[in-house]
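Given next, in structure tokens, is a single chain: the form predicted on its own.
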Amino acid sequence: MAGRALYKIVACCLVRQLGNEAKLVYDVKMENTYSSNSPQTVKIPSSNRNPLKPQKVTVPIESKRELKNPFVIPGLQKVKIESQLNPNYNFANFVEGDSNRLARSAGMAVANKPGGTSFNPLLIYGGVGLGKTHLTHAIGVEIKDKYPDKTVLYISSEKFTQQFIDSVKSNTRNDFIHFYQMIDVLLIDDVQFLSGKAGTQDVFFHIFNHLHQNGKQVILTSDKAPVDMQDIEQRLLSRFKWGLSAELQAPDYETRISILQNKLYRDGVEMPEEIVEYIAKNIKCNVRELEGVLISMIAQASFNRREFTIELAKQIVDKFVKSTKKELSIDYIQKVVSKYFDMDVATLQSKTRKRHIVQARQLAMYFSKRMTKSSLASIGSQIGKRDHATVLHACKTVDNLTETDKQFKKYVEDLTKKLSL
């Protein structure tokens, strides 16, 4: 078997070098053990064997095929990868203000010299609707504009996780890793969702190391700073801290005015200044909500042929704010509950079985389940590293005590008011 395999390799090389007419001739020396005569030589032409079919061997240097998922075609040295970037999210329409100046400036520096600054990785963090995704896309769009040959990929952490799970199921884990190691600029949104996913964190750790060591740029977004992230491996957190962590804060009044004016200018719409100011004064925390109110105003004026008035603005702002339920963080809920019971968060998360501490912990789990979109496992992990069954038991206990214990019912009512402010 080994000889035949060697024959195929040699014959294949001859065909490629000399053409299909090439022949392979063996000189075989045989010792005659029964006589003292010299060794005999027999020439065996290759025609004595089955003819070898010519093989077309191609080694592609570059492929124009676009890959939207991390499945690598073996042998490709370079592939064209769809960046998944939204060109509408760019620096031109990302309004700068005191609340985002550091993050925007760092983003511009990275876009001018990806992988060549000390901002690697660049971690952009902040609350919901403050522009993390917009700024991340803007950096990617700018890099693609200045460096067309660089491979840029934007992906959410949830999609990254799902792709990794699929690769494990299909036994293509190495292809998955190899794909991401080819990226020049990797942008991962909402990295906090890697929390509790040990396998995904492990593979991302190795991908991150490869990219960083080879001068590639990594850009991450999160709803909190690395120091506040829960259930993320320390070795990964330490790498998040290697570069720059830049916070996006709620925009101040002047920045909110500029955001609204920029949006109106891009849409070619004129609106009285007093209405713009009214919207800016009443929508304070979220850029997404700010633009949402403006879009609703324009829609009402266009479809219902209504003029821009303060009355119309008031109606839309009131409805929009009421329909936008504030999502609380588990960290915030723990702080409010701890303060209410006059204890610190560490005590609330501790292993103690003292009744008043256990009840405080159960209430924190109960309100986290009610007021956030987090899973039971995530809630338990962040409140003293408990499992999902403990959280489920806590929620049932709170429901039962609320019906049977007047004092405990007051706890629930008081905390509901505090958390709803």
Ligand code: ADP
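Residue numbers run from 1 along the displayed sequence. If you're wondering where the values come from, they're calculated on a predicted model, not measured in any experiment.
Note that the form predicted in complex with the ligand isn't included here; everything after this is about it.
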| message | Is it the case that Asn120, even though its partner is missing from this view, gets within 4.5 Å of the ligand in the model of the complex, heavy atoms only? | response | no
| Arg288 within 4.5 Å of the ligand in the model of the complex, heavy atoms | yes
| field | Any non-hydrogen atom of Pro114 within 4.5 angstroms of the ligand in the model of the complex | value | no
| query | With a 4.5 Å heavy atom cut-off, would you call Lys216 a contact of the ligand in the model of the complex? | reply | no
| said: Each of Lys197, Ile232 and Ile379 having a non-hydrogen atom within 4.5 Å of the ligand in the model of the complex: is that the case here? | reply: no
| query | So which of Tyr147, Phe193, Phe308, Phe94 reaches within 4.5 angstroms of the ligand in the model of the complex, heavy atom to heavy atom? | reply | Phe94
| task | Tell me, out of Leu130, Leu220, Ile283, Ile183, which residue has a non-hydrogen atom within 4.5 angstroms of the ligand in the model of the complex. | result | Leu130
| query | Tell me which of 131-139, 233-241, 338-346, 161-169 has residues with heavy atoms within 4.5 angstroms of the ligand in the model of the complex? | reply | 131-139
| Neighbours of the ligand in the model of the complex among 241-280 [non-hydrogen atom within 4.5 angstroms] | Ile259
